[in-house]
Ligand SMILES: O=C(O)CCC(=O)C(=O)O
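Shown next as structure tokens: one chain only, the form predicted on its own.
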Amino acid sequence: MSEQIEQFHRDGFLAIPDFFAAEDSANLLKRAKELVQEFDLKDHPRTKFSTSRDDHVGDDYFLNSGDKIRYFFETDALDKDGNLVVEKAVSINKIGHALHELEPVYREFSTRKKLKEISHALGYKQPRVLQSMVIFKNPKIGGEVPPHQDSTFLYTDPPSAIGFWFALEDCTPENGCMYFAPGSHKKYPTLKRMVRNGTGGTKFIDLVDNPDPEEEYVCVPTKAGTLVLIHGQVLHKSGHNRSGKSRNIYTFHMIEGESPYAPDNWLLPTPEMPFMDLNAVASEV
């Protein structure tokens, strides 16, 4: 594991094949599909999700989702009047953001002992899990994710965000696998932040003069069962899914509890649901 940790610190990401079993993938996917089928469209505000600077999410449905399970549509799944143009089953971009707390299948998976052990190997003293998502890239309409840093959305001082990204299906260049700019976490600070706007919604704040640097990206295909660790400062992206195969993943993000968490971050803890203390809840399995 020491060589892998060294590789993570060098590159800013690390893919660990065969980290979890096919049975886990099947269970997590099954529950995700059940959740999509079960949620009621009637009162849904038809919120779409995008990480773009010009088309990001800022409504109350999104901002108050940190202690709930909510559903966000693909941009291409709705027409200009908010009507579905595809089947509901393949319309969702992601489910978030408290699966790790509220859904038993995801809570059990997210609190396994070996995940706590990885957090300690990475130097985290007080690992806090603060958001979780199933991210869908459905066939033909799975959206592009432009280059970004996770610390843009989950800012601490000093930066401490890290993503645990679990491939539930094979991820390929054709269906929208991940691309990384190796070592970019060492070249750049947090380039920009998405914060709560005082007048409602969210906005981006540039923290450097050139918030969108040109970098060379490497393609990182992953088989189902792979865990990818993602440094909060590393630049990464993924492409459209124009293929006929889905690319569905589960992910959660963690921060260091000793690092002050910015109070204007879009995601905020609530008295009813403070950020999960992985040290306290991790199982012995």
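From a predicted model like this one, the values you see are computed outputs, not experimental measurements. Residue indices: 1-based, along the sequence shown.
If you look for the form predicted together with this ligand, you will not find it shown, but the lines that follow are about it.
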Heavy atom of each of Lys116, Leu229 and Met254 within 4.5 Å of this ligand in the predicted bound form: no
Contact of Tyr106 with this ligand in the predicted bound form (heavy atom, 4.5 Å): no
His148, heavy atom within 4.5 angstroms of this ligand in the predicted bound form: yes
Contact of Ala32 with this ligand in the predicted bound form (heavy atom, 4.5 Å): no
is_contact(Phe73, this ligand) in the predicted bound form, heavy atom dist at most 4.5 Å: no
Interface residue in the predicted bound form among Leu168, Ala181, Ile135, Leu130, criterion: non-hydrogen atom within 4.5 angstroms of this ligand: Ile135
Candidate stretches 233 to 241, 254 to 262, 213 to 221, 34 to 42 - the one whose heavy atoms come within 4.5 Å of this ligand in the predicted bound form: 233 to 241
